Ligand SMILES: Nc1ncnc2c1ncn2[C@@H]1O[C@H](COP(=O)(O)OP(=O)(O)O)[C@@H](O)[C@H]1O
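Only one chain is shown below, in structure tokens, and it's the form predicted alone.
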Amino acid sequence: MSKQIGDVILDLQNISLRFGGVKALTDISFNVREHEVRAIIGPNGAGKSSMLNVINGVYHPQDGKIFFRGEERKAMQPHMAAAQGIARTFQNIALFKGMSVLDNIMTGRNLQMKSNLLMQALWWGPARNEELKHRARVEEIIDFLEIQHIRKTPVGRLPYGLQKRVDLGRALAMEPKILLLDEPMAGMNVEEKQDMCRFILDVNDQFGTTIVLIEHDMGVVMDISDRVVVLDYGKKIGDGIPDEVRSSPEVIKAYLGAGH
């Protein structure tokens, strides 16, 4: 690829996560570089979502270290991860169904707002100017995602593919350094997948956002990823550029079974 991949921004070292006696992740190490699209793949139950939950502070691993921009991250909560610049979309869309597209995306600006709740409620002075500035940024995101025609529509009325796009918009409104995408194309038809691929690559290219995604569609993963890490039963079985991973006997065995 011609794009410039930067230094390591996120480094996970020997991560192990257990729930009681169940090992979700075992001694997993990999890193993420600035401006790359980094995919995490593996069969169902491989530990992919657990790893994403470790990155954004939902789960705390019993063993291992996490370094973000060269500094070790101690016990991290999701809101702290968000404040550091790690945003996330979810496999099961968690939008406010009764609110408009614009208002849903505006909720992603909350961390950026400096005025207090009273000033926001009164829409007075600095709060008014601040909201107008944030609203302008949200309108840019709406234009970028080509959803101007539904900006006032309640999200609950939208088809699934467009709800996924709004979810992406809300995450982009946080202006993240790293964007975590949990199966962004699950449940989509071919056309919706093509649109989402285009937006992911545009976010990566135009905004310079580093992207970490979980995705089951191997064609999509191989097309848009710079590097791929493969998990199986909570262990890492592959890590490299798409062509290396695709031809790995261990990866082929995990996906297709020993008989293939």
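The first residue of the sequence shown is number 1, and the count goes up from there. On a predicted model such as this, the values are computed, not experimentally measured, just so you know.
Here the subject shifts to the form predicted in complex with the named molecule, a form of this protein not shown in this document.
In the predicted bound form, residue 24 approaches the named molecule with a heavy atom inside 4.5 Å. With a 4.5 Å cutoff on heavy atoms, residue 225 does not count as touching the named molecule in the predicted bound form; it lies far away.
Taking the partner from elsewhere, residue 49 is found to have a heavy atom lying within 4.5 Å of the named molecule in the predicted bound form.
Interface membership of residue 91, defined by any non-hydrogen atom within 4.5 Å of the named molecule in the predicted bound form, is confirmed. The partner is absent here, but in the predicted bound form a heavy atom of 59, alone among 59, 68, 199, 30, sits within 4.5 Å of the named molecule.
Stretch 40 to 48 is the contacting one of 40 to 48, 205 to 213, 190 to 198, 60 to 68, since its residues have non-hydrogen atoms within 4.5 Å of the named molecule in the predicted bound form.
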